[in-house]
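Taking the form predicted alone, here's one chain by itself in structure tokens.
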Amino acid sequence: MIENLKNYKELLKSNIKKEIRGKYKGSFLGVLWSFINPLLTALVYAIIFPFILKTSQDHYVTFLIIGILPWNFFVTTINQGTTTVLQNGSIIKKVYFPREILPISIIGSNLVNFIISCLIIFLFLIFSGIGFSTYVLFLPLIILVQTIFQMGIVFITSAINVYVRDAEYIINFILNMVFYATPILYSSSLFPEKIAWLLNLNPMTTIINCYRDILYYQSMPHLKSLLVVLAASLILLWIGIKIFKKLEKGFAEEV
């Protein structure tokens, strides 16, 4: 697969650029929606949830932004990646190219958008007075772990969705449920240890907590948990590639 990507690297680059430019094509505000959407979402939650959860979290909007942006990166990548093979069915039928370019392009374009949108987090950290610490140097590692985790999922879901067309709707439902099981609107510390371990079964819990550790709490991320998620993500990626390569043989007939 790596050899294929090397041989078709120009196609991969152009496809990533196409995904980035095409996302808001025809929109007046264009790429600014990458910043506006999470800001509006955070604003709604910041108004409603302090009354529901009775939270006394300091700098709650900043706390929310640090959770919402990585979650948006996650959910957007999974949703777009799941449908990418079907959406490019006409091209698959006409031209040969490594099919893995399609999900990787989705992951790459969303990664670029996420890195750019991290500017929002930095601005909130500055204007809230929280500032930065040297622990921000762990940010690339956390982004890498999240990207590998998402890549493993997308390889599986994009291939299965070709054969089971209901998969995208099932996945969207699951993501909506997982949102509330991930400490985005609240802190993991709200739950006693007897329940907290259930939250930690969700890899996104560890990832979101690590973002908050280095940016919001300005402390060392829980590296042991992060490395466990990294190991699990690499295994998931290996399984995902195997499934994708196995199922891609029938893509042209099914799309």
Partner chain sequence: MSSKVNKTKKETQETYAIEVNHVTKYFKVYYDKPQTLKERLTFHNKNKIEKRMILDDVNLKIRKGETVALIGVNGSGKSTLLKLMTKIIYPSSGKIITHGKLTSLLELGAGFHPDFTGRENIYFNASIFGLSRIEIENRIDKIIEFSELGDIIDNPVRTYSSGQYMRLAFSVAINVDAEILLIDEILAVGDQHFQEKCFNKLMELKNSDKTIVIVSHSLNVVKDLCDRAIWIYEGHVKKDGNTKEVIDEYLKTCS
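Numbering follows the first chain given and starts at 1. Please read all numbers here as calculations on a predicted model, not as lab measurements.
What comes next is about the form predicted in complex with its partner chain, which is not displayed.
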Quiz item: Among 178-186, 159-167, 132-140, 74-82, which stretch has residues whose heavy atoms lie within 4.5 Å of its partner chain in the predicted bound form?
Solution: 159-167
Exercise. Scan I243, I20, L11, A232 and let me know which has any heavy atom within 4.5 Å of its partner chain in the predicted bound form.
Key: L11
Exercise. Give a yes or no for V95: in the predicted bound form, does one of its heavy atoms lie within 4.5 Å of a heavy atom belonging to its partner chain?
Key: yes
Self-check item: 4.5 Å heavy atom contact, L123 and its partner chain in the predicted bound form
Solution: no
Quiz item: Applying a 4.5 Å heavy atom distance criterion, does I91 contact its partner chain in the predicted bound form?
Solution: yes
Quiz item: Would you say all of N37, I68 and R212 touch its partner chain in the predicted bound form, counting a heavy atom within 4.5 Å as a touch?
Solution: no
